[in-house]
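Taking the form predicted alone, here's one chain by itself in structure tokens.
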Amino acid sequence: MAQTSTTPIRHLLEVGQFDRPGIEHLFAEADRMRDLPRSAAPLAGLILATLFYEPSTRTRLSFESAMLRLGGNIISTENAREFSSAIKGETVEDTIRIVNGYADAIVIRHYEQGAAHRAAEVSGVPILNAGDGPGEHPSQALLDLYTIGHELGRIDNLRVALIGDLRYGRTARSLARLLRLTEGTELVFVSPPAVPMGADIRAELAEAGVPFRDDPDLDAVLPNVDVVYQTRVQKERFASTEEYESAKGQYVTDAEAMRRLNPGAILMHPLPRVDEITTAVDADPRAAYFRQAHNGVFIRMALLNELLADGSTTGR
């Protein structure tokens, strides 16, 4: 059920911080950022540190692009797990305490769930969670819902299929949580048996009154949904190669699948893709994943501007 109040937040850690007015405000700000003159520099003189313990292309570069477009500066470490003092045994907490002296905000991606919360507990500057293991990826979920609104003209009364690795996929988990703020939404979980949506997300959806169901038959699902959100099966999250091999390759969106897809629907993917969407699909106007990735810059501009220029963003 959509909430009706807004309260400032200090850090961006999880989508549960947001209410409906908060995301509507943020999306309006992202729209404004699309047309922000390059001469505008609301964050001039401020520094963003991007601290990534896991590989990233879209998230890191879009945060850095967002900060530069706002007139700020960046300092960055691309593979902090190997090329920072973490390899010497330094804790996340100590690293954050040090980087506090170098930057006005910190974007962190870490392989351990909960790392962003640990960082926020010791930080005097805003922390933005860019993914914490199989936990959450809040800015991705925000740009995903923003994309849905731009592509379909609404974020309510949607039938959304989440496909692929729903057990470890932090993007699908975060989007499912964010969709609790919409009205009339129905979710369908399409996943290999080894990687179903977690009980924690199911419990939250049930409490919020969001209907959901499991359906292993992708062919039957495609004609009846408005959004297909496909994810890759993440090899790096599995304990063994055998477990990964048993889960991968079960759901592939190709030209034949697109013929079954609702003509008014969109196909999304947080990227990178491996083999779960064929390149033959790219030319279909319903394939929104590259537009989706580009929207990340505007959402992250809005987040950074709210946190650093205004001192807060809207949420719980």
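Note that the structure is predicted; figures quoted are calculated from it, not measured. Note that residue numbering begins at 1 and tracks the sequence as displayed.
Omitted from view is the form predicted together with N-carbamoyl-L-aspartate (NCD), to which the following refers.
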| query | Which of Ala49, Leu271, Ala288, Leu70 has a heavy atom within 4.5 Å of N-carbamoyl-L-aspartate (NCD) in the predicted complex? | reply | Leu271
| in the predicted complex, which of 250-258, 263-271, 278-286, 29-37 comes within 4.5 Å of N-carbamoyl-L-aspartate (NCD) (heavy atoms)? | 263-271
| query | Is the gap between Thr171 and N-carbamoyl-L-aspartate (NCD) in the predicted complex 4.5 Å or less for some heavy atom pair? | reply | yes
| query | Should Gln140 be classed as touching N-carbamoyl-L-aspartate (NCD) in the predicted complex when contacts are defined as heavy atoms within 4.5 Å? | reply | yes
| query | Is Arg232 one of the residues lying within 4.5 Å of N-carbamoyl-L-aspartate (NCD) in the predicted complex, judged by heavy atom distances? | reply | yes
| query | Arg109 near N-carbamoyl-L-aspartate (NCD) in the predicted complex, any heavy atom under 4.5 Å? | reply | yes
| request: Could you list which residues of 44-63 come within 4.5 Å of N-carbamoyl-L-aspartate (NCD) in the predicted complex, counting heavy atoms only? | output: Arg58, Thr59
